[in-house]
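Same chain, two versions here, written out as structure tokens and called structure 1 and structure 2.
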Structure 1
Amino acid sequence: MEPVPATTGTQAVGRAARLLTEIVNAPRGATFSQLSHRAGLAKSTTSRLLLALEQARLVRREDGTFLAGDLFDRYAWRSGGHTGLSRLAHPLLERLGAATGETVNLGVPDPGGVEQIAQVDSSYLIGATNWVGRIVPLHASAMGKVLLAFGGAELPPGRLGRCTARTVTTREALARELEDVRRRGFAVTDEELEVGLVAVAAPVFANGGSPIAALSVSAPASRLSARARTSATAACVRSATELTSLLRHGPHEEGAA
């Protein structure tokens, strides 16, 4: 069936790739038995390979059917959707900006940090400059923490650079904080990235378990009272949730007419 008997020494990988392809190409996923049968593999082998793919997040299992995993979603919303994502999110960011009056950013994971892909400026004179295109460190930004906490990014090995006196620079302290982030559903940085800058961020999911982007509201520390921070946080989380459901179910316009 395969004209090329594949390079020798990679049988398992070839088989796994076959399964993966089958899964991704099936618009609504594939079941264990279909896969096992189509690939002509023993149940045990299929099971093992799928498990491996699942652990690698290349595949996601949703009550019995296998679907493309996080990695695909991330790629989708980064490449094809880069523009797509920011475009889709734009009205939402605007609304969040209007509601809080502060700077709103949307960022996606990038090895090295969080890349800012969209921004709505603060309505005050004092606010953030344009950050679109910039890459901010994972451990010192609210966005980065949120992505780390929910598995949307991985901390590269090496020292955690100090940005300000408050930057978290030990992996232990960071791990503890990420635990909190997971529990609360959002992250905060309080003058950890830049003196005088505070920010909150919440995760945006596409389909799978790990976020493809983060949404943040940032402001000068001087302007954010505890009260204002609370409301900005709530608004940010709400908007992120909205964006998530927008990505999941699509914009509710243009029917198939």
Structure 2
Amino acid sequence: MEPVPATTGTQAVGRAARLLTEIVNAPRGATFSQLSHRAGLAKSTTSRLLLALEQARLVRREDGTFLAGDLFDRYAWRSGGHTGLSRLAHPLLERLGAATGETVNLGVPDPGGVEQIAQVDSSYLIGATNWVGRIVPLHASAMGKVLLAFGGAELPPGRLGRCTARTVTTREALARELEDVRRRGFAVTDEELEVGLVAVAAPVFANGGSPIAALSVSAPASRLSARARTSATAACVRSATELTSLLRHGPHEEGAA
């Protein structure tokens, strides 16, 4: 008996898998011509399959190069990889930075406080500090207060260190403030981490009840007036909510019944 030929659907899956394997194995991605040649596929077939992979978020296109898509980033952060979370969040951070003109940071809990894992710089010269890789105290930072308020982090034992004259250093006062943070859904620090620095932050959730990260907007106090702070806070909360939705549901399930 002659073997049953593979179905068109099975062939398509196999060819798409070959393309995806080539993309994932290429350290800096691969061009269309490279993929067509390496996979041994006609250009028309390569184009059709790449389009399908893009629509499924398995592949993304960047500067004429094909790279692994958002779904791989989501898998990476679920496995504990901060790089995947940073890449997934980056477009949102860029939009938030463009909307506010100020420094935008993404931070995650760390045994020593909050670690900054991604940043979009301010459009201004003043206040453009690089915070990536730095760990800031939970009680003195907006991101830290958000994580504390919603159960994403715990205060270490011992005294609360004083960073400036305005730092909250008693657990009782901090507990009262965290109640306000839970009620409002965001946190604010006004010259508590550094003199002249104001920041607002909102929590980022995934599939659990506690936040896995926090998103913040920071600027010199002279620039983040009460009105500007209100606008920046609203934009920050919207972006954190959008990132939460992406982490929980993915790009194609948002708004689904």
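Take the two forms, superpose them, and find the largest set of C-alpha atoms that agree within 1.5 Å; that set is the rigid core. Counting starts at 1 with the first residue of structure 1 and goes up one by one along its sequence. What you see is a predicted model, and the numbers here were worked out from it, not measured in a lab.
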- The form predicted on its own? Structure 2
- Message: Please state whether R229 has a C-alpha shift of 2 Å or more between the two structures, with the rigid core used for the fit.
- Response: no
- Task: Would you say whether L19 is displaced between the two structures, judging by a C-alpha shift of 2 Å or more on the superposed rigid core?
- Result: yes
- Query: Quick one: once the rigid core is lined up, does G40 have its C-alpha move by 2 Å or more between the two structures?
  - Reply: yes
- Note on the structure: Expressed in angstrom, the C-alpha movement of G64 between the two structures on a rigid core superposition is 47.2
